[in-house]
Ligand code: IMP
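One chain follows as structure tokens, the form predicted alone.
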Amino acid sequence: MVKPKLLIATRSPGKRREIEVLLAELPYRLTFPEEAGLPERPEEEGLESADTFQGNAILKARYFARLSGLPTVAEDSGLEVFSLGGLPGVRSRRFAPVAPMRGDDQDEANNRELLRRLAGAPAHRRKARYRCVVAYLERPDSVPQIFEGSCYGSIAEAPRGAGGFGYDPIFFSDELGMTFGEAPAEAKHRVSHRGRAFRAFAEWILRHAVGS
């Protein structure tokens, strides 16, 4: 039996690697925009215009569902530091400006900016959580199904570990007792915000899968 396609609306290599693992058991052929013949367009830069993770996830899901005609799942996620009023929040991807002259990597620039803002802060001001919201659309005009996951920890005083991506080297997980940058991938997936949100999605869609 040929598996139906499920479009995963992300162009992030790091997110793709994680989602492929998290959804590996689904009775769908996971397809990404490039494989669906959807080259990146300039308007994608403005897709994340909502002020909530859920709003951004829905915007991305509708955009890619309309272009592809496929059942589509999209997510938006980020880091929230409580003492900074929830920043970086929905700005997590572009929290810090990148200096082209220095050849900065966006992840490194974001981490450096966050560490600068928390320099010298005591432990209680370093508390944070990662959040992920997943939106699924069977059709472009469907009511979105929403799934959310969170994990709690704190911001380390310096990067630790070379694993993961984004803020992982400076996010110290309460549950793992190490940063996500130090954690083996399997351990990270077990407790991470993205792992929890996509497992909730997977459990739901298995009950609604084609032929079920």
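For clarity, every value in this text was computed on a predicted model and none was experimentally measured. Numbers follow the displayed sequence, beginning with 1.
What comes next is about the form predicted together with the named molecule, which is not displayed.
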Is Y167 a contact residue for the named molecule in the predicted bound form, using a 4.5 Å heavy atom cut-off?
yes
Contact label in the predicted bound form: R93 to the named molecule, heavy atom within 4.5 Å:
yes
Does the named molecule get within 4.5 angstroms of any non-hydrogen atom of K60 in the predicted bound form?
yes
Using a 4.5 Å heavy atom cut-off, state whether R199 contacts the named molecule in the predicted bound form.
no
Looking at the named molecule in the predicted bound form, is some heavy atom of each of K15, D76 and K188 within 4.5 Å of it?
yes
Need the contact residues for 120 to 154: heavy atom within 4.5 Å of the named molecule in the predicted bound form, sequence order, or none if there are none.
Y130
